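Heads up, what comes next is one protein chain in two forms, each shown on its own as structure tokens, labelled structure 1 and structure 2.
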Structure 1
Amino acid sequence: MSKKVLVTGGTGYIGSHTIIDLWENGFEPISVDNGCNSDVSVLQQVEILTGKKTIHYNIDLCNKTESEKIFIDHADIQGIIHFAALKAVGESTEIPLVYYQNNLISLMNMLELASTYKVKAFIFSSSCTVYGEGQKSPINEEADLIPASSPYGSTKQFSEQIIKDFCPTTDMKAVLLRYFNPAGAHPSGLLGESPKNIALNLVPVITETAIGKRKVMTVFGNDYDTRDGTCIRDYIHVCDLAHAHTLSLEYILEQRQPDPVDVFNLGIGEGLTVLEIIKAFEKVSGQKLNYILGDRRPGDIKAIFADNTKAKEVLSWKPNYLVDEIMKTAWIWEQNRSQLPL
């Protein structure tokens, strides 16, 4: 049987780490990305790390005719891992239609092509953002989804629904993976997050501040009702996240998934505050971080972390990296990346 897997958003942060994990587990990943938030040069790093050349297509997945060329070239694709999306929460409130068009049309094109070309497995990048505000953590997959607070979050909720509606009408099965807060970099120091757009997430903001790309960083609010007043999140290492995609693919392709669509939380199952993350960074880097305590960021929720029991039991997944390794790999990557063509 062919081991071909199409990875959309393949040159992006999580996509590129997943391509490595797929090669390491006997799959043959094919990448597609339009380069709107990444550079194809990351595949050179992937080649150094795996010894494998990944076939890549530079295509906008909103263009169905162009996208079909991939399936014409490779009629035996077994699975699609669909990472491609725009992901900046704040930006999505300013240009919502761009988010709805990009994230939903690309998804529907992929689903239609997957069905036409008899793809067996579809893995979708969802997000803990689908749970919305005010739910109790640890949160499990059974929790009701409250209407999302941003167009980005809505695209993830709508995407999940589209997949749930479509898959039962086909022979394809799907897994929805709800990521909590992905962070860190490949332990080699050769691959990490290198977006074209400005990084807004906590961990890259910390490392960019420490290396001097930013003068100072702001902790958004220290008056929350938490153990130190700052928000609590569940930070998961990108390599642990990547491996969960390979396991999900195997779960479907080995015909262990009973239902047309299944859903899994991916987090380490523990919440850490912003100040605890900063302390972990200072410990592993030996550097004092220049930060100030500032106002709350609108839209932030106080605390959310995963109940990851289902992913552990059903997929036999387990996180191998904890916070110190997350911060250490992120810091090594920040120091290395200025010397790489990324």
Structure 2
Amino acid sequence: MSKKVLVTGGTGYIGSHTIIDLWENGFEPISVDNGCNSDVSVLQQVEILTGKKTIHYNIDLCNKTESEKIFIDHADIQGIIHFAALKAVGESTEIPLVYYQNNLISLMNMLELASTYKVKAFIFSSSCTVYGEGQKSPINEEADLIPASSPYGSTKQFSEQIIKDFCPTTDMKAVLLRYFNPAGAHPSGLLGESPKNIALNLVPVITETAIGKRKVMTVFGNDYDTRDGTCIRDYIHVCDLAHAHTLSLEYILEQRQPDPVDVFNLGIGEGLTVLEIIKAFEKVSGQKLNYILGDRRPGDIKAIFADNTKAKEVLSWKPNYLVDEIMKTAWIWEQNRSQLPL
């Protein structure tokens, strides 16, 4: 059987780490990315780490005709791991139509092409934002989905529903992976988060501030009903997250998944406040961080962290990196990345 897997958003942060994990587990990943928030040069680092050259297509998946060229070239693709999407919560509140158009049209094109070319497995990059505001944590996969607090979150809810409606009409099965907060970097120090656009996720903002790329960082909101007034999140190391995609692919291809669609939470299962994350960074790096307290950010949820029991029991997945390792690898990467040819 072919081991080809199409990774959409393959040059992005999670996509590139997943390509490494796929190579290391005997798959043959193919990358596609339009480069709107990443650079194809990241695949040079992937090649250094794996010894494998990854085929790459520079295509916007909203263009179905262009996207089909991948399947014409590789008609034996067994699985698709779909990362390609715009993902900034705050930005989505400012340009909602752009988010709906990009995230939903690209998904529907991929699903239709997957069905046409008899792809067996579809792994979708979802988010804990689908649970909405006001849920009790730790939250499990059976929780009701209430209206999302941002257009970004809504695109993930709609995408999940589209997949749930579509897959039973095909021979393809899907896994929806609801990420909590991906962070950290490859332990080699050669690969990590390096967006073209201004970093918005907390951990790269912390490391960029520590190294001097930012004079100061803002903690958005210190009046939430939490133990120190800042938002609570569940942070998961990007390598642990990447491996969950490989395990999900195997779960389907080895015919162990009974239902057309299954859902898994991916998080450490521990909630930490923004200030606690800052303190963890200061501890492992020895750097004092320059930050200020600011107003709440539109679309942010007060507190959410995962019940990851199902992923552990069904996929035999577990997080191997905890918060100190997340912050340590992120800091090593930040110090290295300015010297790399990216």
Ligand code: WQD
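Each residue is numbered by where it sits in the sequence of structure 1, with counting from 1. Owing to the predicted nature of the structure, the values given are computational and were not obtained by experimental measurement. The term rigid core refers to the maximal set of C-alpha atoms that superpose within 1.5 Å between the two forms.
- The second of the two standalone chains is derived from the form predicted on its own.
- After superposing the rigid core, the Cα of residue 53 is displaced by less than 2 Å between structures 1 and 2.
- The rigid-core alignment places the CA of residue 35 less than 2 Å apart between structures 1 and 2.
- Residue 297 shows a C-alpha shift of 2 Å or greater between structures 1 and 2 [criterion: core-superposed Cα displacement of 2 Å].
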